[in-house]
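We begin with a single chain expressed as structure tokens, specifically the form predicted alone.
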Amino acid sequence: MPAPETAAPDLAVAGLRVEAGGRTILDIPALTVPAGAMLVLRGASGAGKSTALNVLSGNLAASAGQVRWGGTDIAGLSPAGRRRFRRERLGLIFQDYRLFAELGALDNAALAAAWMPRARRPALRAAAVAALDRLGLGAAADRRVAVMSGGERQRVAMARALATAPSAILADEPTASLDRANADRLADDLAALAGPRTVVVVSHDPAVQARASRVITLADGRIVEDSDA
């Protein structure tokens, strides 16, 4: 599996708040996650889990506060700056895969090459090949995603996230659409990413939570339970 381009960053949140429609939907006064840890965010529907993940990834602007990955406060960056940081430092894994069904596994895993300088494309494609092989899909590189199972698709999505050698991985309910066997395998794969990378996962899956170094429960956009507390 490709090593991250930079060391796993710690994550430090301070005074983080997201407001919408005149109300506060996320309020996290302080949160620190050590470099290389695996953090799971859990909670009922509407608790603020996906909002938190979107702010941590820079997909959503914070109304106030800091989101510091290592030495970079992404909450203070412009939208273009957040996009650049996300492309260069973060790997994202989604519940609904977000793959191109008619493309093969390798073309999906190497998708980031489309916006990279031409000179960097061969290395990224090689990294995508290595990630697919590590995840048990090396022989399926040319198979169209359309004919793959849910578990295979999610592993392709994971390979795509790893191909850019990110220093942190963020995943949103990555096992929700999988059967138990595939969910357990993916949970193992996620846990294996921690250490060289910092991993943040939104998940209600007990198997994912059991493999985490820390589990936080959100309700109404606030932390109500913390396994580190």
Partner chain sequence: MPELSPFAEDALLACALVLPGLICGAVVLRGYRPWPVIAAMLRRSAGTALLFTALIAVALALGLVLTAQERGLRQASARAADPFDVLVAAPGSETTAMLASVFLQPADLPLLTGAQFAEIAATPGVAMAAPLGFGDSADGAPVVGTTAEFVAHLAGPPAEGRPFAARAEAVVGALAPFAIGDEIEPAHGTGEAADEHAHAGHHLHVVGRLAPTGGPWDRAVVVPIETLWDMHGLPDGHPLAEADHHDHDHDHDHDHDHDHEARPIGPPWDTSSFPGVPAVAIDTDQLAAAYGVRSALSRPDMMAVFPGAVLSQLHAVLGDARAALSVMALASQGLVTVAVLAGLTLVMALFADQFALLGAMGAPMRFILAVSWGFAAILIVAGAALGVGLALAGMGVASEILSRRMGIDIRAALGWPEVHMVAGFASLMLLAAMIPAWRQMRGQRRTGIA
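None of these values were measured; they are calculated from a predicted model. Residue numbers count along the first chain shown, from 1.
Below, we refer to the form predicted together with the partner chain, which is not included among the displayed structures.
- Only one of 23-31, 176-184, 48-56, 191-199 places residue heavy atoms within 4.5 angstroms of the partner chain in the predicted complex, namely 48-56.
- At least one heavy atom of residue 121 is located within 4.5 Å of the partner chain in the predicted complex.
- The closest non-hydrogen atom of residue 111 lies within 4.5 Å of the partner chain in the predicted complex.
- In the predicted complex, residue 137 stays away from the partner chain, with no heavy atom inside 4.5 Å.
- Under a 4.5 angstroms non-hydrogen atom cutoff, the partner chain in the predicted complex lacks residue 143 among its neighbouring residues.
- For the candidate set 74, 129, 92, 148, a heavy atom within 4.5 Å of the partner chain in the predicted complex is found for exactly one residue, namely 92.
- Annotated contacts: 83, 102 and 170 all touch the partner chain in the predicted complex [non-hydrogen atom within 4.5 angstroms].
- In the predicted complex, 160 is the single residue of 149-164 with at least one heavy atom within 4.5 Å of the partner chain.
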